[in-house]
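Okay, so here's just one chain, in structure tokens, the form predicted on its own.
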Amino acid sequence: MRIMIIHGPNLNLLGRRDATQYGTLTLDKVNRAIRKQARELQVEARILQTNHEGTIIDTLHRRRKWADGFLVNPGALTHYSYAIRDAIDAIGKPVVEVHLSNIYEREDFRRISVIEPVCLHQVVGKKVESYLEGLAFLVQYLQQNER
């Protein structure tokens, strides 16, 4: 089983960003936790971080032939990128949306996800556990639907 993980804009600055939302967690720590869980779940995981909307879309398009599913944190693009929403809708693969912080308890503009309606599931507000819970959910879904 193959899973593509996409980290969106500004996640490369984890550890330097708003500590009240993200603590001291770094992207490297997030990626290590993801890789460890992927090994435990016996899935191949590839990870990309980009600050560019088009790169997220291109990766969804290009990796749809390789990946069985996607784990995506679109960052601030969550709230307005209909282009990413349309790409997720078009690829025909299960996608789980994840966020380190709870977007529903933040500023008003962050409380809307245009991505969520085309995703299989959404996990928010659990820091690195958002990724791990999302990955476990996606793998379980894929295993159940292989039959």
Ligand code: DQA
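As the structure is a prediction and not an experimental result, all values here were calculated from the model. Numbers for residues come from their place in the sequence shown, where the first is 1.
Keep in mind that the form predicted in complex with the named molecule is not shown, yet the notes after this line are about it.
TODO: Among 74 to 82, 87 to 95, 59 to 67, 41 to 49, mark the stretch whose residues have heavy atoms within 4.5 Å of the named molecule in the predicted bound form.
DONE: Correct option: 74 to 82.
- [ ] Please pick, from R35, R110, H121, K29, the one residue with any non-hydrogen atom lying within 4.5 angstroms of the named molecule in the predicted bound form.
- [x] Only one option qualifies, and that one is R110.
Task: L100: touches the named molecule in the predicted bound form, heavy atom cutoff 4.5 angstroms - done: It does: once the named molecule is placed as it appears in the predicted bound form, L100 has a heavy atom within 4.5 Å of it.
- [ ] Using the partner position in the predicted bound form, report whether V139 sits within 4.5 Å of the named molecule, counting heavy atoms only.
- [x] Answer no; every heavy atom of V139 is more than 4.5 Å from the named molecule in the predicted bound form.
Open item on the list: Whether V128 contacts the named molecule in the predicted bound form should be assessed with a 4.5 Å heavy atom distance threshold; does it?
Closed with: Taking the distances in the predicted bound form, the answer for V128 is no, it never comes within 4.5 Å of the named molecule.
- [ ] Could you confirm whether L11 comes within 4.5 Å of the named molecule in the predicted bound form, counting heavy atoms only?
- [x] Judged by the heavy-atom cut-off of 4.5 Å, L11 is in contact with the named molecule in the predicted bound form.
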